[in-house]
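The chain below stands alone and is given in structure tokens; this is the form predicted on its own.
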Amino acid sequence: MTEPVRELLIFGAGPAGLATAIAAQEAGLDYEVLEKGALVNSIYHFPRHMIFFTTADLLEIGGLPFVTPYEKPTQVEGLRYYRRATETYGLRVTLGEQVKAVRTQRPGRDGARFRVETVREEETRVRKARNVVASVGYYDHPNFLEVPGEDLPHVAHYYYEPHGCWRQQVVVVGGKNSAAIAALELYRAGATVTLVHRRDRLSDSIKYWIKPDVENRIKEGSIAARFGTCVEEIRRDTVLVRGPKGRDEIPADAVYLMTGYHPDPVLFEGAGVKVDPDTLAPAHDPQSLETNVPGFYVAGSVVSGKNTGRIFIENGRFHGEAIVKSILRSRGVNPRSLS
């Protein structure tokens, strides 16, 4: 069977990818969203009791109201909302299909500029598209410490829920929002928590309602803190650290490395997209979101590379409209308002 040529293939069914799909659908473009995991896969893997840092109206896509009785919605409400948005608009989303590579080619009669290599249930497939949007985020790629023992079974780079650590000794590594939230939840669930951070104090980027809570717990001794301290090795039941007073071992039944995440440049570089070696940000036009490769666009948090604090759902959800307008202009069509 001959593969159809899509006008637009969107990689990633997160909020920015879904918003791009809505804009494409409203513009009458032939599109499809490819997602390797679940719908809004990153949000699905957020902590189970997470509360968004923003209000519901700033998470909305496609003008669909996000209704919640809370000032800030929960992770469960977010999952429900994005499922409802996908169903309401009847978006064409294919789950469980991972994009492995994107290759450029000289357009033939069908106008296809990209060959997209995917895999689904061990079956490989080559798709064709005139335009592609990478809305792949960064949450799948944790920043590793590169220390012995980081791959032990009781070590995790993601935190989900605290119940399993009741009455256990837990080491949390990091000094930003994720580390602070994990430390607080684990402590309140009955764990003995030690927070290890390489800097001399917690990050100023911690949200204003979280920072005094964790600082007060540290001050009163409910959460132990080791500042100016680096992890040197993780062992079966301890963590070896080096701090201002030299080396020490901290008892640990579980270790959470909340050290952040980064985008993977391989997909971009394979297609010829220039990537800044320091920030890992793909080269792109800030207005159209088109990269140096014609027809290859970026959307969502991946736009800013390692600078993950610049693009959130709140502003990344508008990328799709700009991208679709750019595609329409490239076809000689005067784009109507998509807002």
Ligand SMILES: Cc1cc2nc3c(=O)[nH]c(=O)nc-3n(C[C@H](O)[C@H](O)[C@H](O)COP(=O)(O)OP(=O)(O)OC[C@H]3O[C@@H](n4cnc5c(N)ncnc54)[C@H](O)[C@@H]3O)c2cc1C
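Just so we're clear, the structure is a prediction, and the values are computed from it rather than from any experiment. For every residue, the number given is its place in the sequence shown, counted from 1.
There is another form of this protein, the form predicted in complex with the named molecule, and it is not shown here; the text below is about that form.
Within 4.5 Å of some heavy atom of the named molecule in the model of the complex lies at least one heavy atom of Glu314. The shortest heavy atom separation between Tyr187 and the named molecule in the model of the complex exceeds 4.5 Å. Although the partner is absent here, Glu35 is a contact residue: one of its heavy atoms lies within 4.5 angstroms of the named molecule in the model of the complex. Mapping the unseen interface onto this chain, Ser135 counts among the residues with a heavy atom inside 4.5 Å of the named molecule in the model of the complex.
Proximity to the named molecule in the model of the complex holds for all of Gly12, Phe46 and Leu267, with the criterion being a heavy atom within 4.5 Å. Here the chain stands alone, but in the model of the complex its contact with the named molecule, taken as any heavy atom within 4.5 Å, falls in 296 to 304 among 296 to 304, 23 to 31, 279 to 287, 62 to 70.
If you take 164 to 196 and check each residue for a heavy atom within 4.5 Å of the named molecule in the model of the complex, you get nothing at all.
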